[in-house]
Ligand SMILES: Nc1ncnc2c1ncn2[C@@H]1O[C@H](COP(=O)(O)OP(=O)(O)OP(=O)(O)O)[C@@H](O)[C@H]1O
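Only one chain is given next, in structure tokens, and it is the form predicted on its own.
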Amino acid sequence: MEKNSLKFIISLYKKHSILFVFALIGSVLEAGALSGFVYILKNVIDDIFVEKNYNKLILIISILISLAIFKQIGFFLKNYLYPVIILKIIRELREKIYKNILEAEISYLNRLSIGEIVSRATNDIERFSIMLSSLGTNVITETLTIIGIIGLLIYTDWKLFLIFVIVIPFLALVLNHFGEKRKKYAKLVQESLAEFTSHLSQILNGLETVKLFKKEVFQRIFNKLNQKLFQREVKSRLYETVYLSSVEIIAYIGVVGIISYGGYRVIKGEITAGQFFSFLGGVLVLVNSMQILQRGLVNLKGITPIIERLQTLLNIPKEKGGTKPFKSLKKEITYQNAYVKIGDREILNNINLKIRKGEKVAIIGLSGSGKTTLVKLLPRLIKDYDGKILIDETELTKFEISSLRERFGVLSQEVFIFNDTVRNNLLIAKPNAKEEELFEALKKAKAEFIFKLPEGLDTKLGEKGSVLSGGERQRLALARLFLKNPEILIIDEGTSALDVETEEKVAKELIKSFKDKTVLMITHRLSLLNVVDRVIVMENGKIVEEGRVKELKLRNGLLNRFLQISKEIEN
């Protein structure tokens, strides 16, 4: 195990040092009792079977019972407390990873696939748990047993022990060689599992699309990933099996040597039969413990790549913001020569714009004109820009992010509905909302259909809200906005799945409920322009027209072209 990996594991155990001490006591008791059993074997043979001493029989039985009790106490402490410690550690790791994801810099997470993140947070943590179990119940306990038995063997007959010492370098060579192979393939197996999970995640997310195309292509990709995973798992298993077999062969050779030399010495009268069988029993226990220990060490050879993969999630860069709390918009939002560039592509180009407090602004333009980027800058969902964006007279980047977002409400075309009840999907907007508030928000969003669901607010909505239609999901998301009652509202095609009549009703309700609030509305429905104060028309990342609807209609500009196309479509 590498030094950094060991430091990481020790840091995890430190929080549970008291439990660890008791578990360690259990290991000591079990190892000590086992060594005691081996030692007492000499007296059983020499004092009972050879001398036929009744008094010593009673004493030995008493000692054996005591050893058995100590062993069981040790067994319980070890086999209960080590797993409890690991379960606590795994719980803490999951909590930290989940918290990190929630607080992560979005641009960083976008570099990883969803499947990769899920694989590291599930498969890798599960594998890490198994390896930690091996560390506690196998490595520590068997190390203590080996130390105790070696001491006993040296005390019993150091000459016989020399034979065993001869085989140790061979065991070390085997451990090192196959341990490195195991480490390599453990990493490759985890990488393949991540690819497998990622592909499966993509297929489930886009199942409707997949069904409309040639499934043979997807099957071919899956088979390739599955075969690669299979081959790596087979190689990993091969090296582990060959390693264990090699250890057994070396151990058998050592035992044969001990039996040969020990038997010779018994015949010569240099040691008693009890000493020999006690030594032989100790060797067998030692070999068994070494096999378990080495199996654990081989597993631990593969723990470093697992830790490295977990640390990617444990060290996710957090969002950076300013320190000034955002309390409210007092006057206006100002864009000054704002640019956004991704790679070589300019998304926004020299944006100069003022939005007054309480103003209702519609933003229109063709797809790719920069509308969404323009509004996402404000709640800092997109952070990288040049120029200035001021809220009142303070640069946007100086505000503390959570307090800033607390004042924003965003409704986009892609609605987030998680697999839970209607109630819990609403409460993320206002955790302490009363039942009446939930009903009122649903009514404002024209989402009365919720009241007709089998279990009302306690109806589970399925993955991504699969129980609901697209329009119903948008109305539920609208209800969340009414509950949150934000100071600045951004609607990015958030009513696109609604029919025209419902959309107009919802738009009027929005304007009425948020009459004193600032509303930015991206829409392709030009009929909604009648409810806003001002229209901004964008093209190729620039603002090409700006003003009241009536004023822009008098110009022969881009808005008029959009209106003309809209009329032709309606006709």
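Start at 1 with the first residue shown and count on from there. These numbers were taken from a predicted model, which means no experiment stands behind them.
Below, we turn to the form predicted together with this ligand, even though it does not appear here.
Asker: May I ask you to choose, among L366, V256, L173, V500, the residue with a heavy atom within 4.5 Å of this ligand in the predicted complex?
Answerer: Checked against the cut-off, the match is L366.
Asker: Of G74, G370, G136, P486, which residue is found within 4.5 angstroms of this ligand in the predicted complex when only non-hydrogen atoms are counted?
Answerer: After the contact test, the surviving option is G370.
Asker: With the partner removed from view, which of 338-346, 324-332, 148-156, 282-290 is the stretch that lies within 4.5 Å of this ligand in the predicted complex, judged by heavy atom distances?
Answerer: The contacting stretch here is 338-346.
Asker: Verify the contact flag for E233: yes if a non-hydrogen atom of it lies within 4.5 Å of a non-hydrogen atom of this ligand in the predicted complex, no if not.
Answerer: No, E233 is distant from the partner.
Asker: Whether E493 contacts this ligand in the predicted complex should be assessed with a 4.5 Å heavy atom distance threshold; does it?
Answerer: E493 belongs to the contact set for this ligand.
Asker: Does any heavy atom of H524 come within 4.5 Å of a heavy atom of this ligand in the predicted complex?
Answerer: Within the cut-off, so yes.
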